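Read the single chain below, which is given as structure tokens and is the form predicted alone.
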Amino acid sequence: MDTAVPNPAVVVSGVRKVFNRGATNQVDALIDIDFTVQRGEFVSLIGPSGCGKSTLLRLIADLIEPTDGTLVVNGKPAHQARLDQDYGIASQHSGLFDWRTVERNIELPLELKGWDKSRRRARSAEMLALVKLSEFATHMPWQLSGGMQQRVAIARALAAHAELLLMDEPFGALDEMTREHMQAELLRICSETGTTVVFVTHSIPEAVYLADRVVVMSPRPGRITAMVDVGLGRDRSELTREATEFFDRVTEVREALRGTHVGDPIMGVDDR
């Protein structure tokens, strides 16, 4: 288990998740999950398909409940953190509403919190400037590219001053060049806002390029088998992808995924 840090953003302790418990189709999804995410830290979760990465993210978000163990988010139980809207969520699909303009999509969580119209509009403009889409405020989502839609989704997730961002393969459906651009944009946004991020991905290079730390998980039932400190600093660029240290960390994560079976293929993991 990680050493505790003062006022961490996320603390996962002894978490186990079983679906259909006691039934013939019982699935042991996660076992003995313990880790801590510090405030301002970027943590990537990676592992084979079906290892429970997304399940773990949903547990942190209190979208499902653990079978055993506890989850603390921003110093409070995960359930209370959800009620207090202490985090934002972004997934592979932007989830934007086609009948609302870009700015009104960003305003949606603020409407739910009861913000008045002028305050919502000002915050939406601020977030659009952050993701460099100010000129598209009155466009409809279907008029934007996939990468632009994802930037709007990130803006919406952060609109209510969320200090924690939970991301489930948000760039998985994008082409490689757009994906790399979005990775750089995400790092810029996190640098400017100090946002804590827990990021699920199947791509080893993406996990390493983005994260301060990569959490490696085993095949189902998912366990944490390694934590790789990336150590590339915060000022990352295209040159980072060509650095020896970057390739060293990619290799370290790849070998952690393979475990003792070095040389075996890693099923379900994108090694682009």
Partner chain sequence: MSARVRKLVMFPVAFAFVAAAWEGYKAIGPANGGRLLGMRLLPRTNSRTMPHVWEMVSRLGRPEVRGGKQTILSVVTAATWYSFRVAFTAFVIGAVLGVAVAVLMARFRLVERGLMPYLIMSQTVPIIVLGPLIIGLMAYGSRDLVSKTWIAATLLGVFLAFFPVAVATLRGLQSTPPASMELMDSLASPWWRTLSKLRFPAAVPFIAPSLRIAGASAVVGVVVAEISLGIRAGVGRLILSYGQEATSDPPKLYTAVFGAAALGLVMALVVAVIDRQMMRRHPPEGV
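We call the rigid core whatever largest set of C-alpha positions still superposes within 1.5 Å between the two forms. Residue numbers count along the first chain shown, from 1. Keep in mind that this is a model prediction, so the values were computed, not measured.
One more form of this protein should be noted, the form predicted in complex with its partner chain, which is absent from this view; the next part is about it.
Among Leu83, Ala173, Ala122, Ala184, the residue placing a heavy atom within 4.5 Å of its partner chain in the predicted complex is Leu83. In summary, among the residues Met148, Ile89, Leu130, Leu71, the only one with a non-hydrogen atom within 4.5 Å of its partner chain in the predicted complex is Ile89.
Picking from 122 to 130, 98 to 106, 187 to 195, 173 to 181 the stretch near its partner chain in the predicted complex, with a 4.5 Å limit on heavy atoms, gives 98 to 106. Residue contact check for Ala137: none of its heavy atoms lie within 4.5 Å of its partner chain in the predicted complex. By the criterion of a heavy atom within 4.5 Å, Arg58 is counted among the residues contacting its partner chain in the predicted complex.
Its partner chain in the predicted complex comes within 4.5 Å of no heavy atom belonging to Met227. In the predicted complex, no heavy atom of Ala243 sits within 4.5 Å of its partner chain. For the three marked residues, Glu111, Trp142 and Arg156, a heavy atom of each sits within 4.5 Å of its partner chain in the predicted complex. Once both forms are fitted on their core, a CA shift of 2 Å or more is seen for Pro141 between this form and the one not shown. Once both forms are fitted on their rigid core, the CA atom of His79 lies less than 2 Å apart between this form and the one not shown.
Relative to the displayed conformation, the Cα-Cα distance from His181 to Leu158 shrinks by 3 Å or more in the predicted complex. Cα-Cα spacing of Leu144 to Gly194 is enlarged in the predicted complex versus the present form (difference of at least 3 Å).
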